[in-house]
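Only one chain comes next, encoded as structure tokens, the form predicted alone.
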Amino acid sequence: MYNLKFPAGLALLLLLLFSAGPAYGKVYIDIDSPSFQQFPIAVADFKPLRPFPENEKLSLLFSDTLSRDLTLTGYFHLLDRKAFLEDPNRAGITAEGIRFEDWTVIGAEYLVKGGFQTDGRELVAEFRLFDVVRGELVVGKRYSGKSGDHNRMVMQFVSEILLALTGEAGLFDTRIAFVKKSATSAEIYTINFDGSDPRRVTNYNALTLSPRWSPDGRFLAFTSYKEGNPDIYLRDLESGSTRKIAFYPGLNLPGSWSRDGKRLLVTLSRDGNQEIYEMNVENGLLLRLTRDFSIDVSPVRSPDERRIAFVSNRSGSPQIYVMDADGGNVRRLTYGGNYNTSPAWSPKGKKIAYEGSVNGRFQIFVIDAEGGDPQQVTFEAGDHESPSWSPDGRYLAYSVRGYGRSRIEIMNAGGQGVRVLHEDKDTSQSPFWSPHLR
């Protein structure tokens, strides 16, 4: 039963072993509660189910990777293994083989256990999450793959843990696109939520910027100067093909997509100053949405597609505005500060993140989509720019530059749990979060 092969193009084959049905109908952890505190969880070393020379190393690799990925979510407090009371040589990985009192006494509320077997080529691993207080299984899965697939298996199970405990899957099947700028060019890269597997998307040796994922994750729209003019291109990430979709004289910049992937908000200067249009991606037909002598840029749709947030200097300085989807009923959203830009509408529709100038440096703010007082969520030195929401609305990615550093960071939407996603000698900027990728 363990000699399963992969379908072409797939790196991992998932097999359902068992699942505690009630877990998916019940939210164990309300991570949106104002009083939320990290939940204590223990991750035991995985048990080898068949003798193999690399067993000890792989056992630690499973547990270490699980601990790391659970920590990355910001929702769990990992208990120190030195506090574990259980005898690993006698303990099992099923409820019948676990003394739950050994885990409750050290403060654990959840416990992850598992086992694996490998012949050096194929790998099969079993994962189980237990509610220690109730002494029962919450969810269990079995994964089969190649010997190097342990990281994918762990990421998949951490997503299962989050789904079972919070009601929403994790973000390990998402990627963040960003721009890496050198002295002579700027190219687009993508990277996993955990900071692994950076991939270069463009190689034009030109200024390339503003990556925007399509709602199905298949396409990236972006602007590039590779032919001299700042034109909008569309890259098919499955086939690798690229086509130019907007190439009017002057500036062509992509905004956000429609949910059906057929329309793209764009900023064009074809009619003089920069205005906002909606473009049919297939045939290039345009619908002009703004008609003002000021500069109107950076359009982003609300999740219900009824409104559009954008940046305009019609009041004298760049500020965030909101209008109806047809361009009507324009109203100003931000009033504090003299330079507010880069709006990002939260997936749940209630908040808009943006960057605003504070004492000569940019910081990230979040404001209610209906208006009100903004909340500043970054405070460290340097410029914090280009916020982008995770598809579940619980994290923000943004870039940081200044004081000799350039990086992409991720934090919880409230400003806690900051971690570095990517950092190197080149300038990294303009992160944009993908949808869940299949």
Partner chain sequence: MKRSWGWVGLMALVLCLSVSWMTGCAKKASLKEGAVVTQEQKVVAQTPAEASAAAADDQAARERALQEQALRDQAAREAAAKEAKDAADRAKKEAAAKAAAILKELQIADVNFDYNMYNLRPEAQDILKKGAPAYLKYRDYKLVVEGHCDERGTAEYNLALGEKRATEAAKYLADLGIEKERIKTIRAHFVIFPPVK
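Numbering follows the first chain given and starts at 1. No experiment lies behind these values; they were computed from the predicted model shown.
Quick note: we don't show the form predicted together with the partner chain, though the next part is all about it.
Of 188, 251, 165, 111, the one that lies within 4.5 Å of the partner chain in the predicted bound form (heavy atoms): Contact check passes for 251.
Sole residue of 294, 242, 117, 302 within 4.5 Å of the partner chain in the predicted bound form, by heavy atom: Looking at the other structure, the residue within range turns out to be 294.
Non-hydrogen atom within 4.5 Å of the partner chain in the predicted bound form for each of 55, 156 and 175: No: no residue has a heavy atom within 4.5 Å of the partner.
The partner chain contact at residue 286 in the predicted bound form, heavy atom, 4.5 Å: It does not: once the partner chain is placed as it appears in the predicted bound form, residue 286 has no heavy atom within 4.5 Å of it.
Contact flag, residue 258 vs the partner chain in the predicted bound form, heavy atom cut 4.5 Å: Close contact is absent here: in the predicted bound form, residue 258 is far from the partner chain, nothing within 4.5 Å, heavy atoms only.
Contact of residue 311 with the partner chain in the predicted bound form (heavy atom, 4.5 Å): Within the cut-off, so yes.
Non-hydrogen atom contact residue 100 with the partner chain in the predicted bound form at 4.5 angstroms: Close contact is absent here: in the predicted bound form, residue 100 is far from the partner chain, nothing within 4.5 Å, heavy atoms only.
Candidate stretches 74-82, 157-165, 176-184, 344-352, one within 4.5 Å of the partner chain in the predicted bound form by heavy atom: Partner-contacting stretch among the options: 176-184.
Contact set, 353-372 vs the partner chain in the predicted bound form - heavy atom within 4.5 angstroms: Read in sequence order, the residues that approach the partner chain (within 4.5 Å, in the predicted bound form) are 355, 357, 358, 359, 360, 361, 362, 363.
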